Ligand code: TMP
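Presented as structure tokens, the chain that follows is alone, the form predicted on its own.
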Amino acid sequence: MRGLFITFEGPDGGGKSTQIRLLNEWLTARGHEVLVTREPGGCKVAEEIRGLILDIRHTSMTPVTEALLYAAARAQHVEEVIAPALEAGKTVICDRFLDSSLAYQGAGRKLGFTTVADMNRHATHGLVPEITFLCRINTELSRLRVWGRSVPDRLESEKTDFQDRVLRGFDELARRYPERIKEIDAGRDIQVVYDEIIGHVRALLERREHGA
């Protein structure tokens, strides 16, 4: 059976890293071979592009340049890492994927979903996650967590109106794809969030097992 592709989305500071680690442990304990990766990044070329995108010094980068760089990193990542792992039957958990580009560049940078999707058509080869966890958190709490843990990168440093547009972009994606995107209130206790995510994954695994 082809591997399972799971993604985590949402604003920074939403606890994605913690829940990815916990889900990895849960799946591994049940015999799944799991690959955890991230975007932008996940392989040498894509990680170098990540550094270019997020460098706080690159304030003159245009929205189109930014979106194309994300697509370029994704193309390398899919070709070199994600697709081979799925073909080998592995479970891939990715911290961000195309939904982030749609929300950040499509909505946040006002390029529009259609433009960004067109840019990524060749990058993804039509690859879509089987389930996406949208870890929701309000803008104020997101900024408090991000600014409290490290020096913010170029996108994390954007103003509140940009971050609000990104959240509205995620809202629209969740409205369009309710069967795939599961909205998670990430402001709750870690265990409560974990239990909800595991419930969704259990249900997905059961459907796959029975061919539904």
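Residues carry their position along the shown sequence, with the first being 1. None of these values were measured; they are calculated from a predicted model.
This protein has a second form, the form predicted in complex with this ligand, left out of what is shown; the following refers to that one.
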item	value
All of 136, 182 and 194 with a heavy atom within 4.5 Å of this ligand in the model of the complex	no
One residue of 61, 54, 36, 68 in contact with this ligand, assessed in the model of the complex (non-hydrogen atom, 4.5 angstroms)	54
Of 173, 49, 27, 155, the one that lies within 4.5 Å of this ligand in the model of the complex (heavy atoms)	155
Residue 132, heavy atom within 4.5 angstroms of this ligand in the model of the complex	no
Residue 42 within 4.5 Å of this ligand in the model of the complex, heavy atoms	no
Residue contact check: residue 74 to this ligand in the model of the complex, 4.5 Å heavy atom	yes
Partner contact for residue 90 in the model of the complex: this ligand, 4.5 angstroms, heavy atom	no
Contact set, 12-26 vs this ligand in the model of the complex - heavy atom within 4.5 angstroms	12, 16
